[in-house]
Structure formats: C-alpha cells, structure tokens
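The chain that follows stands alone, in the form predicted alone, written as structure tokens.
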C-alpha cells in the first residue's frame, strides 16, 4: 500500500504514541508532534482517510485512533527497510562463548527477556542435520557400555547399551576407533545403509554394539523432533500490558509457553522461511492460535557449521519494533562474531 509522505508520518506518529501509552491517540496529540507542524483539522482529515484505508480504527465513539494489524504491518515493513542500514545504537547484550549449547541458549533467553521486557523463546539446534563430532564408548561393567555421543556445537547425548557378550578394554578401543573413523563428520541423514553394513562387517562379533550405537543416535534425534527442546523466559512479562493481561488471554499465553509442542508450530514455520532475515508476525499472521492478539518477531540463529535454530520474541502488537529488531540484529552479529569467525 502506497501512502503519501504526510499520511505516512501521521500513521507513524499514531503508532509511536500508542506504543508508548497504550491509549487511543487523538488529533490534538498528533498536532503536538514537532515533525508534522499540521493543524488539528488537517490531521483529522488525514486520520479519516487512514481509517478508511483500514490502517487505523476507532475502538470507541469519541475516542482517538489505534493502529490495525494492517497499519502495524505497513509500519513494520517501513521499519525493516530503514533498519537494514547500520544501527547507530549498539545494544550491549554481553554474550560470552560457552562450550555447552544448552547453557548458551538458556542465558540468551533470559538476557532477551530482560532487555526487551517481552516473552522470549529459543529452540535448540536441529540435530538431524547436525554432524557427529565424536563417539566415546566406555565399559560400565562386563555387559554394559556407556555411549557418549557429541555433535557439533558440543551437543552431548548419553546412552547405556547392553552387550550380548563380555566386553574388554581392547574391544572398546577397537570400537571407538572404528566408529570415529567412519562416522565423524557425518549427519544422521548421511549414514547410509551401505556404510552401516560396512561398519557391522568390520565390527565382526560386536556388530550388535554398532547397531545399538546407531539406534541410540537415531532415537535421540527422533525424540527431539517429537518433543523439541525450547528454552523460554519472561512469560510473565505479558502481565505488564493491559491488552494481554486479561485473565483468559494471559492464562492461554502462559499455557502456550509451558506446552512446548505448541511453540513448535512457530519454530517450524520460521525455519521453513529458510533465510536469515527477521520475520514479524502481527496478530492473525501468527501460526500459533493463542498468539493472535500478539506480535511475534523471530530470527534464525547459527552457531557455526550449520547449527541453526530460532529465536522468538512475543509481546503486544504495540511492541517497540525498532528496539526488538535492533536487539535481534545485534544478537545475531555477536553470535556470528563469536562462533562463525575463523
């Protein structure tokens, strides 16, 4: 939708005032905007046009105007264009590299919730495309083996395996060498039937251990896909915004943050965008039914070697989009500096 410069400035002024106060905005308030220098009568005429275009609405008779979802969308699209230039204000998120991905993501969720005053969620990296870093087999007792499986990004999974026969240390050394030589650097999708057959042949009488290790890897990944790990923080921040703190709405939103499988709808939709651009879902655009009264801003993150997931920020439709977008851009840049620069 094309707007002339004056209408666009008035729309921006209405949205900025509403973001700040949460109250309908009248022509008198807009007339005090030093960037406009327009009379109240002129502003009223322009506001009537904006309302007719579906960009603002009057919630009650004699009240001022508030933005519609369509108005927010126009504002956000304009903001996204403007924010592609280098931001002047650097957000200090104080991110430090940590060796465990889980710890990093938990910390990031807390930092973002504190920085923005909205609810945040971060999905763990997709493991199916994550490559194996190494496998370590160790004896627990004569017939039990501990398999420690590490993937890129230092994602660690443990599994206790039952051995058919007694296993000595020499066998453990042989199995560790075999598995790491043939599997290191591969994702689960790259482990072919031919490779599995060759592994079993090389393992000889201990081929059942190879099979159990591969099953442990596969089962771990399937479990993560069915019940994805999603870290959340700041869900109670929604009570700070009257339009979301209504008993039923607030309860539904809080339940959504507790039921991670529902959040997976948002994660899946954002991942399918398959790019590193920031996505903004306003109101009914949200793929999650309980977030239809919210705005959701998501971004794909990468921790090197294709280890990717989704960061999401959830707040009212009058959220401070400029701050949220700037914060996410800064975060992605810092992650890139820490994990992707050689």
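Quick caveat, the model's predicted, so the values are computed rather than measured. Residue numbers count along the first chain shown, from 1. Rigid core (definition): largest C-alpha set, two forms, superposition within 1.5 Å.
The same protein also has a form predicted in complex with a further copy of the same chain, omitted here; what follows describes it.
- The closest heavy atom approach of residue 234 to a further copy of the same chain in the model of the complex falls within 4.5 Å.
- Shown alone here, residue 162 lies within 4.5 Å of a further copy of the same chain in the model of the complex, counting heavy atoms only.
- Put simply, residue 117 is far from a further copy of the same chain in the model of the complex: not one heavy atom of it is within 4.5 Å.
- Contact check for residue 134: a non-hydrogen atom falls within 4.5 Å of a further copy of the same chain in the model of the complex.
- Only one of 198, 174, 139, 208 lies close to a further copy of the same chain in the model of the complex, with a heavy atom inside 4.5 Å, and it is 139.
- 258 is the sole member of 166, 258, 77, 190 with a non-hydrogen atom lying within 4.5 angstroms of a further copy of the same chain in the model of the complex.
- You can rule out all but one of 243-251, 211-219, 68-76, 198-206: in the model of the complex, only 243-251 has residues with a heavy atom within 4.5 Å of a further copy of the same chain.
- Relative to the superposed rigid core, residue 139 undergoes a CA displacement of at least 2 Å between this form and the one not shown.
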